[in-house]
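We've got the same protein chain twice here, in two forms, each standing alone as structure tokens: structure 1 and structure 2.
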Structure 1
Amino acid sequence: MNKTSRDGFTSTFGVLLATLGSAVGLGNIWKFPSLTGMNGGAGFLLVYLLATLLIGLPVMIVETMLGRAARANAITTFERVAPRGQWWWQIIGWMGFLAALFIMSFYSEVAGWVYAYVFKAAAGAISTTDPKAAGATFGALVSNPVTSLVWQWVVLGLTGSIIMLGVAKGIEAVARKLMPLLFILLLVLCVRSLTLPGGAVPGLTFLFSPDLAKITPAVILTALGLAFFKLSIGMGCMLTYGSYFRDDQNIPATATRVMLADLSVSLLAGIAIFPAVFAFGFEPAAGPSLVFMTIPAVFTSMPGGTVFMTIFFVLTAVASVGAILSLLEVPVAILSERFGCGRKRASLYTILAIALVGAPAALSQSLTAETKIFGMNPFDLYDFLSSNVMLPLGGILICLFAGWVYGLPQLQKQLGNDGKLPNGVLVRAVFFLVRYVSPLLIGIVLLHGLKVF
């Protein structure tokens, strides 16, 4: 497929919303609040902000830039931008391909739980303040093999039908509708949470008033990892989305806006959750159970709880869609361009492959619970291989390529849009970070994820 025949985003605003949709996901509504709660609140947030500037933003900029320079899928990108004969850089694209499949194999199951909870919340089936009852409800959902598979298939069917429509009519069109809806729903929940008696001050203090004594090496490592994974980098998504960017798009400005908007969503989620948690005396360090067990109890405790609980899970479901679409687009673009599949066939093959590979992950609390590889069930294994190995390794290789092979002159040309944008100082800062700082910090994330220390 040549450069002129490829689908692409149609406007600057569409690029921003679609890229934001990739970055915003369950991580904002589920992972960010749980990790912030477990790691002391504002101190963790402060380290996360610094890590985002040193890792997330510069890697996102160069990854998007490489995609636009090549106008190709994640594998073909490195055929076009790497020096002649250096074929081994294509491993970055292949790892992105595998990482997207592995992530979707368990991420689609988590999204399925969220979809199920939308209906449970609306029906009042999770309206309880008893932690044991909430835990039993969630346990019944994840341990039922039929229910687990069906909800995973619902997620794959919905997002697969969108991805078949293409970049402009599918990804961009959906992002234009869902991203504004996400912000509206978040603001509604924030207003409700902040108006609860006795919760606003302690909740906001926990989120925004850092206790530097709580910033431990473990907190720093966790924040580094979250900053790297949060912006969809190292998994081929930004390479692929960058290939659909317009020629006149200001990549550093767009990436910065996406980073700030993504951060805003995470902070709004914290504002929506923590004042309510403190208002009703729940534990902010509940971890991953915060969304599926603690939050239902919190909403049940407040007036109009069923309505606001339903809004919360609709919001979480909306947040999952954009991230899933960006993950699906990585293998779909590769199959359709490198292997000659039409887009619809490539989408169908991708969905079927994820359903097949993802079935063991969906059944990890039931039929495959005793299936252990390296001591992990399929759900945890897919998470480990993608999050702890492929993503940081891919991120390091992207930094090494951009900083030591692609070089500063090419970065200046691409990020300056052939001299049309005065980005000299900014480009040099990005170059310095991806050449020296970001790969070192991502290497620490990799070693920590591999439990080397």
Structure 2
Amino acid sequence: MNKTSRDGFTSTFGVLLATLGSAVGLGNIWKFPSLTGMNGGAGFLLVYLLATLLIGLPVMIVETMLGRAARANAITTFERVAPRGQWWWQIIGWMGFLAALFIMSFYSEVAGWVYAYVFKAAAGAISTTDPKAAGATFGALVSNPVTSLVWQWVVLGLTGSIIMLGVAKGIEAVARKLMPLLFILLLVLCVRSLTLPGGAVPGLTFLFSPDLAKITPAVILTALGLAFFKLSIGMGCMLTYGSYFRDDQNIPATATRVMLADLSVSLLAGIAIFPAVFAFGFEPAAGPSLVFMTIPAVFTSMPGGTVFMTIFFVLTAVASVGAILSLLEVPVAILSERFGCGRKRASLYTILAIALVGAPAALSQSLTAETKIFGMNPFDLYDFLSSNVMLPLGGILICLFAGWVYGLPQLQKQLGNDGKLPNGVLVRAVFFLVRYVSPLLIGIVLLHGLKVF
């Protein structure tokens, strides 16, 4: 396949927005607050920050770089950049294909809850600050097998149609708009949450004053998994987006900007949620339901709450679309480029596969609630396997490849855009991190977190 026939992003700014569109999503609004609440707050946040800077950012940089160097999907990329005969690096791509299906299986369900909440918000059905009432509404939604499945299908149908339109048109157009609005709305929420009586002090203490005793190996693994999940790395997603990057795109700068913007959205979500948790007497460790109960409560306690609440869930739904498109792009690019089945059919097969694999996850609070594998229901299992096992494993392999096979001269050439950008100490730092630090740290965290030791 020749380079010019591939679809790609049309402007440098478009690249930044699409990459940001992949990173920012339910991970910020839903996963980050739930995990922070369940894992004890500030200590978890601290480990997550360290994991993002020391491991996430360098992995993101080299993963994107590999995709742009090869200009291909996650499997073909390793066929092109690995030395002849070292076919096993392609496992990264195959694992990414599987990880995309697993992540989409639960991600599409959570997106479905968000869509459902758009209508509930508009109807005033979730305007309450009472933890009991809020919990009952959420419980009724997720424990109904029919609505659970239908909302998942709505999400898959919608995003599947967008992906069929193609990279530049579909992804860029959606990612470009509306995100600044979500940011502003989150800021407003933070102000309201912080001014709730009795909220600010315990909320901020929970979020920013670490209790080191709570940092167990399992907590560290979860934080690492979140760092990968947030930056969309470890399974070929950033690699696939990198393959659409322009030759003059500054990859390290783009990755750093996306990382910082993504972090600020998560922190805003945390500051919007935790003061309200304490002000209204919610349970910080409530898990996946946390956001769906506390955010409506904050809106309810402010003027025009119903309108803003509706807008908030619409924007969150939009944010989830950008992330979902990037997830779908991994299998779609693999199927269409490697199996020549055309973008439309590749999208259709991908969506059908997710509907199949994802159904048990959608039904995790109803029909499959008692189906436990390793003590987890399908929803939790998919999340755990993908975020905490496959993404870190993929991350190790990507680091080992970039650090030991691809090597420093290639890294300098690729990250320095063939001499057009400075490629000195920063590239060396990335090289050092991916060659020695990240694979070792990820390996240790993975083995301890999975209780292999």
Ligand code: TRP
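Quick note, the numbers are simply positions in structure 1, starting from 1. The term rigid core refers to the most C-alpha atoms you can superpose between the two forms while keeping them within 1.5 Å. Bear in mind that the values here come from a model prediction, so they are computed numbers and not experimental data.
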Exercise. Only one of the two shown forms is the form predicted together with tryptophan (TRP), so please name it by number.
Key: 2
Exercise. Would you say whether G85 is displaced between structure 1 and structure 2, judging by a C-alpha shift of 2 Å or more on the superposed rigid core?
Key: no
Exercise. State yes or no: after fitting on the rigid core, is the Cα displacement of Y115 between structure 1 and structure 2 at least 2 Å?
Key: no
Self-check item: Flag for V405, CA shift 2 Å or larger between structure 1 and structure 2 after aligning core
Solution: no
Quiz item: Cα shift of G37 between structure 1 and structure 2 after core superposition, in Å?
Solution: 4.8
